[in-house]
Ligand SMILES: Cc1ncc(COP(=O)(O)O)c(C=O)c1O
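To begin, one chain is listed below as structure tokens, in the form predicted on its own.
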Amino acid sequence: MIYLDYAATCPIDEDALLGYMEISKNYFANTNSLHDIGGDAYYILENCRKQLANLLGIQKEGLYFTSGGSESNFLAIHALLSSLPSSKNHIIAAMGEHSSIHSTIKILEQKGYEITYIPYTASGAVDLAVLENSIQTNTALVSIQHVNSETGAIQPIEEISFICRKYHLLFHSDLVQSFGKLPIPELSKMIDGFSLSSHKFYGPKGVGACYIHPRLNGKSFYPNTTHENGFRPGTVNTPGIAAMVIAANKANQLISEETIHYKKLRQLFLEKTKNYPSLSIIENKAQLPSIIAFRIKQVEGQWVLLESNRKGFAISTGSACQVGHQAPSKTMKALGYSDEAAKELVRISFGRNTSPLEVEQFAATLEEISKNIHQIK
């Protein structure tokens, strides 16, 4: 099967896998243990923290290791809010944020927080005018992801940060889709907290990172815990963290090379499908080249996914679904599409091993699927 779903998850990098096995075998102790074996594991952990902080351009004192992007988003938002007075109880987020952001702020809403959701403009970016007009005297936090996972739209972090600084608001960003694909160090200086996920850049699953600027006196969601300087409970996944950092180093070294590769694949796909009458590409002003979102008009994305799977291609719809129960894409709704059109979203995403031939084969298969489905209709 040809895999075109790298935005969902990546296979683990070979060097990262070797590192994972080495650390698992020889440095398996709890990093909080006082014996020498625990001390060796702790040394590896802190060396990984220093390396990743250097890659990100941040202070290592604010970097915490987690189980992945979803947990990082949850913990980051709670920690950032805990640094503010309780009177600051209004949160602004984009309509198309990852489900882990939406579920976190839904919990906060039940606890009395007021939530404002910002739509996207036709260019795919958050509407900055609406963002600024939504700010209230009790606004605490703005949470906007760097790259949208469904369409690949890149958000204007610098402009959002300027607005947040102007009104003395905290700014959190989900960097899960962008780290390892775009340069981060300059952006990290504009953000108060952010989240990463290892398996999006060829590290192992079940590992991630969260950053909270050390100047903030944020508190952990979990009281009286000792791991990760009290930020998170549970024995630290040292081999997973080491493998993540190996993958992170490689991904950052390859950004320029892989960007060229993805741009060529994107252009090839657009060229091959430009005359498909029922196909509509979701284009954005600023976009990650490795993600392409599209619709086959009047056809639910789930059916395109299942037909593609039957023909040997692994792709994705814009939202999680089960057979017969596809939900409208939050991103498409944020762009102003109807529920019906939002259910038509399909996403393909390229990886470092995706070949031009595979893209050509999928483009040809997509034309066949489109014709067949419309003939059935």
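Bear in mind the structure is a predicted one, so any value in this text is a computation, not a measurement. Counting begins at 1, following the sequence as shown.
As for the form predicted in complex with this ligand, it is not shown, yet the points below apply to it.
Next item on the list: Go through 126-134, 214-222, 194-202, 272-280 and give me the stretch that gets within 4.5 Å of this ligand in the model of the complex, heavy atoms only.
Entry: It is 194-202 that comes within 4.5 Å of the partner.
Next item on the list: Give a yes/no on whether A293 approaches this ligand to within 4.5 Å in the model of the complex, heavy atoms considered.
Entry: Answer no; every heavy atom of A293 is more than 4.5 Å from this ligand in the model of the complex.
Item checked: Partner proximity in the model of the complex: G62 to this ligand, non-hydrogen atom cutoff 4.5 Å -> Taking the distances in the model of the complex, the answer for G62 is no, it never comes within 4.5 Å of this ligand.
Checklist line | Exercise: Q51 in contact with this ligand in the model of the complex, heavy atom 4.5 Å | finding: Result no; Q51 lies far from this ligand in the model of the complex.
Notebook entry, point to check: So, in the model of the complex, is S149 in contact with this ligand at a 4.5 angstroms heavy atom limit?
Noted result: Answer yes; at least one heavy atom of S149 falls within 4.5 Å of this ligand in the model of the complex.
Margin query: Please identify the residue among S100, Q287, S161, N89 with any heavy atom within 4.5 Å of this ligand in the model of the complex.
Written below: Selected residue: S100.
Margin query: Counting heavy atoms only and using a 4.5 Å cut-off, do T31, N237 and P239 all touch this ligand in the model of the complex?
Written below: Not one of the three qualifies.
Notebook entry, point to check: Within 64-99, which residues come within 4.5 Å of this ligand in the model of the complex, counting heavy atoms only?
Noted result: In sequence order, G68, G69, S70, N73, H98 come within 4.5 Å of the partner.
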